[in-house]
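Let's start with one chain on its own, the form predicted alone, as structure tokens.
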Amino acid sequence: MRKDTCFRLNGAERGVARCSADNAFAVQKPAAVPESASEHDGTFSAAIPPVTPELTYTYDGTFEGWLCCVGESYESKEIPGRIVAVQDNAIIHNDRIEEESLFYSKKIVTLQEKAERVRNGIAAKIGIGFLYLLERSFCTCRPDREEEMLLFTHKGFRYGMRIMNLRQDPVIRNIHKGLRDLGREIDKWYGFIRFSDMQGILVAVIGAKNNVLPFLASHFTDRFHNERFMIYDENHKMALVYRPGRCAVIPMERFAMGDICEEEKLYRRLWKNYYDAIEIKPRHNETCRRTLMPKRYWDYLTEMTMGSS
């Protein structure tokens, strides 16, 4: 499963740096776009270059690396057909390891200065809200999300935030769908994470489709600010770790629960008994339960994995 490096979600809130005026990401006050303007009447900026299907960008799988892909696309006036992550000399595309492409590939080196320049340009010319959408989109599990995000960014520079209303555009529609699915999964995990006490540390294991850990951080740190806890995502091989005053999302190749103490076993039985007792048996509706609590979450729920006591 693909392992994406976590990025700082508050990076868009930093001050916008001054950029060169002759650069595609120069900080300039965007001109007002008339409502009656069309794509071909010359009102907007330079035309979006065509997609080159045989061209592939390879990068390191981080959000900063993807920002460098955006910078390269503008500098070279090209849009690649694919953008794929390379980890340990293996090409990861759509969460699958692929053989090296027969087509022309261009390796994009991650440069923090370049990534910051692109980040500041997007925030200044389109808006911090647009940058926030990109950061969230990068955490979705949609196939080809990097290519869609690049086209989304080109359209954003051309049309501004108005593109969010162009739901008939396939790229915008896919971005909306990915963000909607991400939001729904985040909301589900708010309620479905089950912690176990392991020698004074609260530990939970989840199996998320999207990279949800960065978005779960504030929810659980606010509620358990005096505790030490860890949430491990076994699909993305990442862990959200917290101790009072410090929180981070780190890569973790594997994790296994150790032996639990008798007190933890007791609390698990009590929770299971409560879950069984609160149900009104004559009104049991299995279809409704699977709708509100999809079955793919059951492997991580104490009340669904323990036998009846």
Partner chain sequence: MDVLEKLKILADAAKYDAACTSSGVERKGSGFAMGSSRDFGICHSFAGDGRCISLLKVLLTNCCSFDCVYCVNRRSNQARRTAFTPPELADLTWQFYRRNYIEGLFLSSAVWKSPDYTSEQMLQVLEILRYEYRFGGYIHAKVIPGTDAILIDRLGMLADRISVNIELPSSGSLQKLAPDKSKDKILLPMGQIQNKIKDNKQGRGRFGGIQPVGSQKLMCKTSMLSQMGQSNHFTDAGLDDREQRIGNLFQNRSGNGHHMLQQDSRVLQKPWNKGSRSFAPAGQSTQMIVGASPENDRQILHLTESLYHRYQMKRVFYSAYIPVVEDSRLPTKESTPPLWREHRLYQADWLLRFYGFSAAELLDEKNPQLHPYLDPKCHWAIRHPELFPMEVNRAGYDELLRVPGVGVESALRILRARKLCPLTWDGLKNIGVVLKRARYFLLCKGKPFPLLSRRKEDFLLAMMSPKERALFQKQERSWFQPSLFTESDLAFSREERAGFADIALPGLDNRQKEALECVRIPVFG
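Numbering follows the first chain given and starts at 1. Everything numeric in this text was worked out from a predicted model, so none of it was measured.
One more form of this protein exists, namely the form predicted together with its partner chain; it is left out here, but the text below deals with it.
Residues in which of 249-257, 48-56, 62-70, 270-278 have heavy atoms within 4.5 Å of its partner chain in the predicted bound form? The contacting stretch here is 270-278.
Given that its partner chain is not shown alongside this chain, does A239 nevertheless sit within 4.5 Å of it in the predicted bound form, heavy atom to heavy atom? No.
Are any of the heavy atoms in H284 no more than 4.5 Å from a heavy atom of its partner chain in the predicted bound form? Looking in the predicted bound form, residue contacts with its partner chain include H284, since a heavy atom lies within 4.5 Å.
4.5 Å heavy atom contact, Y190 to its partner chain in the predicted bound form: Contact check for Y190: yes, within 4.5 Å of its partner chain in the predicted bound form.
Decide whether N165 counts as a contact residue for its partner chain in the predicted bound form under a heavy atom distance cut-off of 4.5 Å. The answer is yes: N165 has a heavy atom within 4.5 Å of its partner chain.
Just one of F130, F152, F220, Y232 has a heavy atom within 4.5 Å of its partner chain in the predicted bound form. Which one? It is F220 that has a heavy atom within 4.5 Å of the partner.
Proximity to its partner chain in the predicted bound form, single hit among D181, D197, E78, D144 (heavy atom within 4.5 Å): Exactly one residue meets the criterion: D197.
Which residues from 226-250 come close to its partner chain in the predicted bound form, meaning a heavy atom within 4.5 Å? Those in contact are N226, E227.
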